[in-house]
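Just the one chain here, laid out as structure tokens, in the form predicted alone.
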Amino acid sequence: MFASALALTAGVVGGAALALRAAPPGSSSAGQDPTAREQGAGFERFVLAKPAPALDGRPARLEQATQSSCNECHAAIVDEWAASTHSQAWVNELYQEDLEGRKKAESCHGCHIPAPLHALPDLNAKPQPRPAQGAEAWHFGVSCESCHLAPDGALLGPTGAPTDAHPTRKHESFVGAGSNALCAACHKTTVGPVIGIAKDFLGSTAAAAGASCVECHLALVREVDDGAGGKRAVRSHELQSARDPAFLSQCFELSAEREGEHVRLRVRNRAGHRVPGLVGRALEFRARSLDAKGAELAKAALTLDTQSYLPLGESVLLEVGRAGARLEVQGWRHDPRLDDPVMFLERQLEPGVNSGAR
């Protein structure tokens, strides 16, 4: 599984799978301790903040977003969705380039311009593309209707809050672990540069304990009236992903381990699936052993990619060299959209002390 270059310096050790949880409404993203933890169901849940602006070169917002009929009443949600990779699933330049010359390119359309998923016989069925009704019909990629429209015209969601604008119903595919099937309809597929990472999560102990995809990837960002005199939480439709450095950094637990005069770095994957999950993306960890005055004693690096990925819940060891007073670690994300890598993590570790994931 591991590429030869990585195998020379690193070994993989089994570990427990972990799940992440978004920050509750009203919490502050600035200055919030990202290592705050809740214990439950046999795995750790980590409090996350609202997604940061993406640094991957893609458009900050889909220009056609205001054309959505949902925008009139749900402007805040549409604005979040317009900045997500879901909205841009069809217009994404790398996707369009990948389609050129591909045999049966139409087989990719079902997940990049999906017709309403709830119209399928069940969510295990292959998603179907929506028919083109003018060029603008495909601008929206994964549209509001793709996930929320029922065959009878009702809009499905986690609460079924009533409205005069359209019929609504609460649906299990938006509640807790029930949402995993909706996400996995597309994200369990491995094709081209896409890795079906949802399969990893669906087979994990976290999923078995009731964790869900949305707990990690859709942050709780505000409260709205629930129509019955109370409040209900609303999740952001701007997906948290590896493109958010703060989010990505929390997917790893780091520790510096000393053996005699040597030090090594342990990197544990506590995301809900393998990392990285996209062909062309790579995660690089650079470690430097420093003495008490900051002089470099040794350094080493390892790179994770889809040929040498880190499986769910497992850890990898990097032999750095001569031990010093501390180990300086940086994490860098390489993305095919970027000319230069983006640093997502910077830590100072004391050898022999488990750092957590601060």
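These numbers come from a predicted model, not from an experiment. Don't overthink the numbering: it's just position in the shown sequence, from 1.
There is another form of the same protein, the form predicted together with a small molecule; it is not shown, and what comes next is about it.
- [ ] Please check if residue 285 has a heavy atom lying within 4.5 Å of any heavy atom of the small molecule in the predicted complex.
- [x] It does not: once the small molecule is placed as it appears in the predicted complex, residue 285 has no heavy atom within 4.5 Å of it.
Open item on the list: Since only the chain is shown here, I'm wondering whether residue 70 would be in contact with the small molecule in the predicted complex (any heavy atom pair within 4.5 Å).
Closed with: Residue-level check for residue 70: yes, a contact with the small molecule.
Open item on the list: Within 4.5 Å, heavy atoms only: does residue 257 come near the small molecule in the predicted complex?
Closed with: Result no; residue 257 lies far from the small molecule in the predicted complex.
- [ ] Classify residue 231 as contacting or not contacting the small molecule in the predicted complex by the rule of any non-hydrogen atom within 4.5 angstroms, answering yes or no.
- [x] It does not: once the small molecule is placed as it appears in the predicted complex, residue 231 has no heavy atom within 4.5 Å of it.
TODO: May I ask you to choose, among 77, 208, 150, 120, the residue with a heavy atom within 4.5 Å of the small molecule in the predicted complex?
DONE: Spelling it out, the residue with a heavy atom inside the cut-off is 77.
Open item on the list: Is the small molecule in the predicted complex close enough to 114, 168 and 212 that every residue in that trio has a heavy atom within 4.5 angstroms of it?
Closed with: Yes: each residue has a heavy atom within 4.5 Å of the partner.
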